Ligand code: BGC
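Below sits a lone chain in structure tokens, taken as the form predicted alone.
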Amino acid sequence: MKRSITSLVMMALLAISLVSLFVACEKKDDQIVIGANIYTFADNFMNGVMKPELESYAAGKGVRIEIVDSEGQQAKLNDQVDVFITRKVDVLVINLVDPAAAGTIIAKAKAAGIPLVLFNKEATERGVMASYDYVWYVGTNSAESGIIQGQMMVADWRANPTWDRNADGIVQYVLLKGEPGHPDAEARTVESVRAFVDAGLQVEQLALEADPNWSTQHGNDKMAAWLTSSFGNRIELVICNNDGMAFGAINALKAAGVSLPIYGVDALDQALTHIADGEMNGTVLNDGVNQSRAALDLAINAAMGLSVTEGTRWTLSTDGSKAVRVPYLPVTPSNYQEFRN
């Protein structure tokens, strides 16, 4: 009798465990799966801010996200999207390598009937976002970061007349551009300098250098080369289209024992430390945290068949671009502590 009771108890426990396993499997089967990429893990903003935020925010929302490295190759990204489609992910969250290739990715998503959220790099082809009802974009107004950076530089230049090293009334600058063709790189390059012109100040570009990886090493190498060039002693201002390149430029300046005003974009933690130490004059918050959260909020709603902004704090722009745009903010020596984590 004792053995029978024991057997019955064991059978009951087995039944309970099977039910629990079934429920767990059910939950997993119902879980939203997101196929995502970062255009290259070599980008310290994308890999250091947006990737971890995408992962942690997805975990908090109870969805599964699979993030792959496209290694700066659009062809590789195209193949990765094909794999995601074959695996029947519920939604795609894609950081384009080449903004001009958006049409290819959108066509793949449309053919598979999978919602698509593009983020950080906006499609450059006119009208391509209208080709599929279930594609949206999350990012920024590219020009805004350059405008804000330019306004900071103009104000500081006027407040520091000794920055005009040769007292000729002209702002002699060098500029680390970032990735050629990237909407942010192109807009920042134009708008940051335009702020001086709009303020009635003369400018002279001594050098400009692009870098597809926006890298610290590139910033260091180019700044070191510029300092030893024929125009090295004429440089009065260093403009960087991201913080990563600014970090390299700061290293080169310190190694050469030279102090110059220098500005970046992104407001990475290291940039805040450089500002605190007086080694960097300003940056612009590129809010990767909220870009990541907005991209996932839209993706989750799309996967559930809801209006993409339902129950969120995000709004789509009214210009027909189907975009959520996260604003930039100026970060200066007077307010940088507000942006500490």
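Each residue number is its position in the shown sequence, starting from 1. Since this is a predicted model, take the numbers as computed values, not measurements.
The protein also exists as the form predicted together with the ligand; that form is not presented, and the subsequent description refers to it.
**Student:** Run the contact test on 149, 191 and 263 with a 4.5 Å heavy atom cut-off to the ligand in the model of the complex and return yes or no.
**Tutor:** Result no, not one residue of the spot touches the ligand.
**Student:** Can you pick the one in 46, 275, 300, 58 that has a heavy atom within 4.5 Å of the ligand in the model of the complex?
**Tutor:** When the ligand is considered in the model of the complex, the option within 4.5 Å is 46.
**Student:** Applying a 4.5 Å heavy atom distance criterion, does residue 222 contact the ligand in the model of the complex?
**Tutor:** The answer is no: residue 222 has no heavy atom within 4.5 Å of the ligand.
**Student:** I'd like to know whether residue 70 contacts the ligand in the model of the complex, with contact meaning heavy atoms within 4.5 angstroms.
**Tutor:** Result no; residue 70 lies far from the ligand in the model of the complex.
**Student:** Could you confirm whether residue 182 comes within 4.5 Å of the ligand in the model of the complex, counting heavy atoms only?
**Tutor:** Yes.
**Student:** So in the model of the complex, does any heavy atom of residue 84 sit within 4.5 Å of the ligand?
**Tutor:** Judged by the heavy-atom cut-off of 4.5 Å, residue 84 is well away from the ligand in the model of the complex.
**Student:** Tell me which stretch of 113-121, 153-161, 226-234, 197-205 has a heavy atom within 4.5 angstroms of the ligand in the model of the complex.
**Tutor:** Of the options, only 113-121 has residues within 4.5 Å of the partner.
**Student:** Taking only heavy atoms into account, state which residues of 192-228 are within 4.5 Å of the ligand in the model of the complex, ordered by sequence.
**Tutor:** Sequence-ordered list has one entry, 214.
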